[in-house]
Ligand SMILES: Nc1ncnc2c1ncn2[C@@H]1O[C@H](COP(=O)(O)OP(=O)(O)OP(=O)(O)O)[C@@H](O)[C@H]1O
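Single chain ahead, written as structure tokens, the form predicted alone.
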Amino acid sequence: MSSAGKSRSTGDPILVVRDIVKRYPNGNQFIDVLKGISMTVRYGEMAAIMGPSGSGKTTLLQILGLFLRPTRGTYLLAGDDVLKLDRNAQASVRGQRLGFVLQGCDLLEKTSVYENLEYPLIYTRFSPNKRRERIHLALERVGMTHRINHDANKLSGGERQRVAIARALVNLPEVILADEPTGQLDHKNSHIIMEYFAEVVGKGDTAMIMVTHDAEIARHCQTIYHIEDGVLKG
């Protein structure tokens, strides 16, 4: 399944999950990490998920990123029931329709900044010139064009985080999934990056779901969810 050819319109639902449960065996019993999570995120919307450690927010983000299967529930991405796809099809969805900003940056070592951003575009039909254009635009938005040929492993922590954000956006994803995206940035750069996210998402053809502990950063989002003991509240 693919959303190719489907129109994107601000306010329309892009991500819908219903009654998501994640259960793990614990001896003769089970532990429900997520207890019937339901949420709807729309094009042009930034949503924050806040909660204490162990509340289930990272598990939810892993399910939304198709890294982890829920025990039960429904997950629609632009109307496509992505939980019914096989692993290869889900990997395609991850690469072409989702963008990720992880807390640990997770850049490819021994490669340049350019190569890190090119990687998500390798399996697209973009020409090398189009890929270069996308990469330059993404780096320009996070103020990192001057590092385009720099070794990724020689960047500072803040620079690595900005490159990771640019990489998440380079393929113009339908949904950006972020885990503490400003965790390694200072106050000034944190707000610059959140303003950039707001600019990108505000165009109405993508959405963002962000896990954060920072209430000030969460206020950049239109919707703030709180999760505790596996229960999500708007």
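Please read these numbers as outputs of a predicted model, since none were measured by experiment. Note that residue numbering follows the sequence shown and begins at 1. Under this definition, the rigid core comprises the largest set of C-alpha atoms superposing within 1.5 Å between the forms.
Keep in mind that the form predicted together with the named molecule is missing from the display, and what follows is about it.
Run the contact test on Y24, T59 and H213 with a 4.5 Å heavy atom cut-off to the named molecule in the predicted bound form and return yes or no.
Every listed residue reaches the named molecule in the predicted bound form, so yes.
Please tell me whether any heavy atom belonging to D205 falls inside 4.5 Å of a heavy atom of the named molecule, as the geometry stands in the predicted bound form.
So D205 does not count as contacting the named molecule.
Would S55 count as a contact of the named molecule in the predicted bound form, using a 4.5 angstroms cut-off between non-hydrogen atoms?
Because a heavy atom of S55 falls inside 4.5 Å of the named molecule in the predicted bound form, the answer is yes.
Just checking whether A48 would be counted as a contact of the named molecule in the predicted bound form - the rule being heavy atoms within 4.5 angstroms.
Looking in the predicted bound form, residue contacts with the named molecule do not include A48, since no heavy atom lies within 4.5 Å.
In the predicted bound form, L66 touching the named molecule (heavy atom, 4.5 Å)
Flag for L66 set to no.
The unique member of I176, V41, V33, V200 whose heavy atoms fall within 4.5 Å of the named molecule in the predicted bound form
Of I176, V41, V33, V200, the residue with a heavy atom within 4.5 Å of the named molecule in the predicted bound form is V33.
Using a 4.5 Å cut-off on heavy atoms, what residues in 172-201 are near the named molecule in the predicted bound form?
The stretch touches the partner through E180 alone.
Core aligned, does the CA of S53 move at least 2 Å between this form and the one not shown?
After core superposition, the displacement of the S53 C-alpha between this form and the one not shown stays below 2 Å, so no.
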